[in-house]
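Coming up is one lone chain in structure tokens, specifically the form predicted on its own.
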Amino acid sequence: MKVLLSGGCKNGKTGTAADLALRLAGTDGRRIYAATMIPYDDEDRARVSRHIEERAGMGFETLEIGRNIASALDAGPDAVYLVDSVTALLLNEMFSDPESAEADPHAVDRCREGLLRLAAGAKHAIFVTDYIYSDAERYDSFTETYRKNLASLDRALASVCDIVIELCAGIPVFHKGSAADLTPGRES
């Protein structure tokens, strides 16, 4: 079972994704939390700490993977992978050289390749992303390129995922699949 989970900032995506991972793993399945955020400031570090605290006692093994997401597969294909988040992964790949102010134009291709390899190689994977590309606001060229690239990654993942969910004010809206598809024993 592959799931793409999108929605606005601080909308419950991580908690929802963790609950889905627990459901897919069952009582004794291996759970891998692929944390993609590379913290740069106190706000980032606080968010990382909050996420660690929220999943305490859930049995997740945390892999800090800011780049090269397909390397998570080293943990084996039978685990349930929770990738949090595609949004941070793209940012990390775009600025893999902290000395450069220029975005790497090949970052989106590396991300797409790695995410699709992870989706193909894992029995179960949940990909968390942020829905940041639908407003009518016009931003600077960097931000517009980032939004376009994230939308491209989300479309690629949606095409290979069994279920696509958008959280709207914390309420799941199924764009592909249904809640019934998340019933244990119905996974593909």
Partner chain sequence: MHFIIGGAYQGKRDCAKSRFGIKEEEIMTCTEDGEIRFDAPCIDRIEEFVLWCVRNGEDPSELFRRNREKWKDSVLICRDLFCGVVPMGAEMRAWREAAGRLCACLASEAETVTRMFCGLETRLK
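Just so you know, these numbers come straight off a predicted model, no measurement behind them. Positions refer to the first chain, counted from 1.
This protein has a second form, the form predicted in complex with its partner chain, left out of what is shown; the following refers to that one.
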Residue among R47, K123, R67, R147 with a heavy atom within 4.5 Å of its partner chain in the model of the complex: R147
Distance check, E61 to its partner chain in the model of the complex, heavy atom within 4.5 Å: no
Contact test in the model of the complex: D135 vs its partner chain, heavy atoms, 4.5 Å: yes
4.5 Å heavy atom contact, K10 to its partner chain in the model of the complex: no
Partner proximity in the model of the complex: R30 to its partner chain, non-hydrogen atom cutoff 4.5 Å: no
Candidate stretches 153-161, 30-38, 51-59, 115-123, one within 4.5 Å of its partner chain in the model of the complex by heavy atom: 153-161
In the model of the complex: members of 1-31 within 4.5 Å of its partner chain, any heavy atom: L4, S6
